[in-house]
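Below are two forms of the same protein chain, given as structure tokens: structure 1, then structure 2.
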Structure 1
Amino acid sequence: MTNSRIAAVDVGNDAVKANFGKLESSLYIPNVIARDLEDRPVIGIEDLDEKDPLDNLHIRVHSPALKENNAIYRVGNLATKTTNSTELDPGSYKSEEDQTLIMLFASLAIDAVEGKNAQSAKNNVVEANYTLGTGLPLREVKEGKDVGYRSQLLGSVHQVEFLVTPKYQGMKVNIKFDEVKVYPEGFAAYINLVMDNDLNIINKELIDKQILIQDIGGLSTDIAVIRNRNVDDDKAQGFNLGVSESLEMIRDEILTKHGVELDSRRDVVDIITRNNDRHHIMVKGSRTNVHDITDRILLELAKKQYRYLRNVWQKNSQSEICYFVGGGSAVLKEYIKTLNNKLDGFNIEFFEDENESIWMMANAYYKLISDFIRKNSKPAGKENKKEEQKTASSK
């Protein structure tokens, strides 16, 4: 495993978050892809060199793991500009969608072409070896989908070819995995809460408590129940509702009411979370309050999220605290806190820094996979096996 690079990748329904190497680089890519039938896209080929590669990801992907092999995709921001773009459907299995693999391979390929190895590439082909830590929703791990997902990644070479992408056009990356670990998402969040990068316990008070973790993502919400230092599979619940739909509704209403078209959901997030001039937009040069729109829609979503919490807490009455994570928690923080003060007064906690919420999974996978590597690079001996088991179940 000597020249294997660490990759910790959270393929979120809304965006991919990835950490690499010794944490010297990371990537954030919206989880949107669009199939292209031709290898030259109609838009965006002029002044290519002045553009950011990340905004112009155009790739062909060869991999036996894909249902549609050798297809061409626009990925991330470039895909959002097309009409045939697809986002993951909340009811689907992450582990069974080509889109999950396309996003995973694309993020690794970017890391590879940005790295040192790329300069020594022969014939524009970069050989990239990774040790991957990633995750799947608890529901899929429960059904054993992680096994097939892992083995299809391990079993072959996956190639990403950059087509009309600035700087990297014509380059190919051969991705090989030396090891792949697939962790259940809720468990990973717990690890991130109680352990530092060396998996030393940083939160003694928390470690033996029964806790809930409510992860409000773009398209889904998961509530994990942690008991005896492990996820309680039977108690965890998933809901097909995230924050994206509400952000989209706000965008629509601002357009209808004020005639202002915001570029993306990200702009909506900015309007509702920024410190200065929150809930205001400019309309024909006049500062305009949109609080009525944002408040109504977000409060409605917060109420639904609060109902989920109540429901799970009722079934797990001995829980001591619930942590809210995910980008949706950052957006709904004040609304949920206010509701909670008026209603049940549960012991709930949010993260100060919204980035901590959003990067929770990717950071956890990083901790887990680094620890795995550390334990397996020790000289072989009877110690090793024991420690590996310890990590796997975290007992």
Structure 2
Amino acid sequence: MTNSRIAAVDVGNDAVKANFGKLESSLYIPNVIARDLEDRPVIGIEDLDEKDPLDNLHIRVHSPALKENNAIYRVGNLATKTTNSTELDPGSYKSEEDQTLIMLFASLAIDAVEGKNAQSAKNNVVEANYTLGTGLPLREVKEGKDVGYRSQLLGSVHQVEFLVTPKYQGMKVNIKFDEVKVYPEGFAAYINLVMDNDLNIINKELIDKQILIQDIGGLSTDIAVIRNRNVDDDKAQGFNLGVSESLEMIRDEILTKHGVELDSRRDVVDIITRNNDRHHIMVKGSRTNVHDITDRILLELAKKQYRYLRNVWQKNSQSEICYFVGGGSAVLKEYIKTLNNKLDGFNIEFFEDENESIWMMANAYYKLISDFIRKNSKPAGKENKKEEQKTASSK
């Protein structure tokens, strides 16, 4: 693991959030891809290197893990500008979608060409080794899909070739994984609540409490039940409902009613959560309120999410608090708070800093994979000593 770089990657349904190395770099890429049947034409190619690579990600991906191998994609912001862009569909399994892998490989490739690895590139090929911490929704882990997902990544070389991408055009990155750890998302959120980046306990009062964590994503919702510092697998529940479908409905209704086509779900999230001009769009140059559309659709979704909370809390009546995390929680925060005040008055908490909620998984994976590396890089002598002490204490 000596030359292996830490990568903590949350392939969220809305965007990929990733931390690298010793937290010296991070990436945020909207989770949107568009398949290209041929190399894209570039207008003003002489200015290409002055543009931001993240806004112009154009890649070919080769990997035995992909169903469609060797295909060309526009990724992130560039993909939102095309007519054939795709976002993950409600009902799909994150672990089984090519899109999840394409976003994962793209983020690692960008890190590789921007980092020290690039300096040792031979013939424009960068060799990049990673120790990866990532996660899947609880329902997928409960169904054992994490095992197949992990084995797809390990033991193969995954190549990303930058095509018409500023600064990196013509470069190839060979990605290899020395280790891959796939964590259930609910447990990751708990780790983030109780540990800082140096793995010190920060919320001692939470450690021995029974708490719930409701993680609302794009395509799914996980409610983790934490007791005795572990996820109670039997009590934890995963639901096949996130915010994506509602965001899509808002997008469609805005198009029907106002004739305005928003590029992606990310644009809808921005309209709902931004500080200024929230719930407003521009129509023919005029600032227009779309509160009637967003309120109706999001309140309906909030009611369903609240029902999940109520059902899980009834079955775990000794829970002391429920933390709402994930990008979907940032979108539904005000609606769920209002419902709770009117109805049960559960002890619930949201993160006031929406950024903290959105980055929670990537930060948690970073802590978990760092802890894994720390525990597995101790000198053999120390390990043996520890084992002897363990054996002695069990006698």
Ligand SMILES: Nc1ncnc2c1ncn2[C@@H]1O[C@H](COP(=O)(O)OP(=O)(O)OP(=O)(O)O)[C@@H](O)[C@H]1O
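The term rigid core refers to the most C-alpha atoms you can superpose between the two forms while keeping them within 1.5 Å. Counting starts at 1 and follows the sequence of structure 1. Just so it is clear, the model here is predicted, and its values are computed rather than measured.
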| Just one question: which structure is the form predicted in complex with this ligand? | 1
| field | Selected hinge residue, from 76, 193, 149, 223, for two rigid parts turning between structures 1 and 2 | value | 193
| task | Quick one: report the rotation angle of the small rigid part relative to the large one between structures 1 and 2, in degrees. | result | 10
| task | Having superposed the rigid core, state how many Å the Cα of residue 285 shifts between structures 1 and 2. | result | 8.2
| residue 334 CA shift between structures 1 and 2 in angstrom, with the core used for superposition | 3.8
